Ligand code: HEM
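A single chain comes next, written as structure tokens; it is the form predicted alone.
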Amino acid sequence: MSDEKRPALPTRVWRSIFRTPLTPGSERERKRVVLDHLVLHLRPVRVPNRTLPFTHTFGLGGMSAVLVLLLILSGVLLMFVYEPSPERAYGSILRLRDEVRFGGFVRGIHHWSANLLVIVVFLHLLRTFFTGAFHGARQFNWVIGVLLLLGVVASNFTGYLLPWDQLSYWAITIVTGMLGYVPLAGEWLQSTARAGTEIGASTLILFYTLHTTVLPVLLVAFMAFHFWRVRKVRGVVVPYAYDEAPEEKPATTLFVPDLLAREFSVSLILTAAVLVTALLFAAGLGAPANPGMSPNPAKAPWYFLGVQELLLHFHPLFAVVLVPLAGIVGLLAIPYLKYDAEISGPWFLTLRGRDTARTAALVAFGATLVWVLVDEFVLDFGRWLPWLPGQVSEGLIPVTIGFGLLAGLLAWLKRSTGATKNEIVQAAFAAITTAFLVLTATGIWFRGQGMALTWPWRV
């Protein structure tokens, strides 16, 4: 049989394993069709040689899938012991840690996989952006990726409350309290998130249901759709050097075994790293939740600390609602902006793009540090402008100054380097991302009692 008439490789592999004739229309025939057209086709039969090096994608998409699998397996085991009620939740975690064989180890796997998943998905989004892998047929897949990142954060957030200790109780109290600043709908959103006016048994049941049922199903479904769309555009973007044109027909190799072996190796290394981390560093557990005594400092989960840090510098309407909403809308809009050219493949698009992004990130790093220090010890728009509403003196004015500085930086880069629109959008993304990371790091390591600035060893 000629190569043109032979079935695709996944189909041949499947049929070589199950050679029994299949009855047309039978249940087994339908299952084979699903496997042939969905499961085995999540990856192309052949992949470009240039996409094989680890440094092109760092295996971040596959790592995300492995971490989700670890979370599902460990989460199912935890459900056999955990009791979702305020009276028994904390005790069930203690029993899991102290009495159930390997209970603490399984909880550690779940804990570290969840935290690592947030980082890996975020890095995957950065890799996708900085290689331009959101143009053309990949536009909507970028939107799905952003939704997956938000879903991962939501999954971590709902699981954060389940131990019912002081740290988790007050972290959720802070984050759900932020919803109260949403104009008009704030009180309703807060009561909906808490399943009542206060955090209690109804809140725990709501979070437990979302964490163990609703969000996992949505994440798995969206991940499958995400991978399938990558398959539809024939895999990841093909990299090429800055001084060469992309190949119309790049040389390819078989997915099995060339890429499969690499992905399997990365999966084993990642799984081993999570297991070793879970053995060496147990998942934390504080004192039992005490609604009458707030810890000092009372911090949100680490992935929300950038927003909590904003709350220390801007009016709540801007810190909790307008700025985060603008960030999410901006992320979703990135593929649909009008660009000078749809460049995909090389990191940072061009040499000039790399330089402008690096400059924007360095300036944003320094400017954000200076802003935090000056606002902590010098600036006080509310006291200086007492006749203005807080939304203006502590919100509109400082936010306008911040975005004005960003606009000035981008205008200077465009004028001094002749950067294209692609490169300016990339520089803006680098600057905003860097600023948010600085705010997050400040909240994690440099905020002590009363959320005052301090050194990490004094926190």
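Each residue number is its position in the shown sequence, starting from 1. Please read all numbers here as calculations on a predicted model, not as lab measurements.
The same protein also exists as the form predicted together with the named molecule; that form is not shown, yet it is the one meant from here on.
Taken together, W164, I172 and R194 are entirely out of contact with the named molecule in the predicted complex: none brings a heavy atom within 4.5 Å. Note on the partner interface in the predicted complex: the residue among V121, I109, L78, I199 having a heavy atom within 4.5 angstroms of the named molecule is V121. Interface residue among A289, L148, V363, L71 relative to the named molecule in the predicted complex, by the heavy atom within 4.5 Å criterion: L148. The named molecule in the predicted complex comes within 4.5 Å of a heavy atom belonging to T128. Taking the partner from the other structure, the named molecule in the predicted complex has no heavy atom within 4.5 Å of any heavy atom of V214. When the named molecule is considered in the predicted complex, G59 lines it closely, a heavy atom lying within 4.5 Å. Taking the partner from the other structure, the named molecule in the predicted complex has no heavy atom within 4.5 Å of any heavy atom of I205. Picking from 289 to 297, 305 to 313, 231 to 239, 377 to 385 the stretch near the named molecule in the predicted complex, with a 4.5 Å limit on heavy atoms, gives 231 to 239.
Residues M223, H226, F227, V230 are the ones in 218 to 233 with at least one heavy atom within 4.5 Å of the named molecule in the predicted complex, listed in sequence order.
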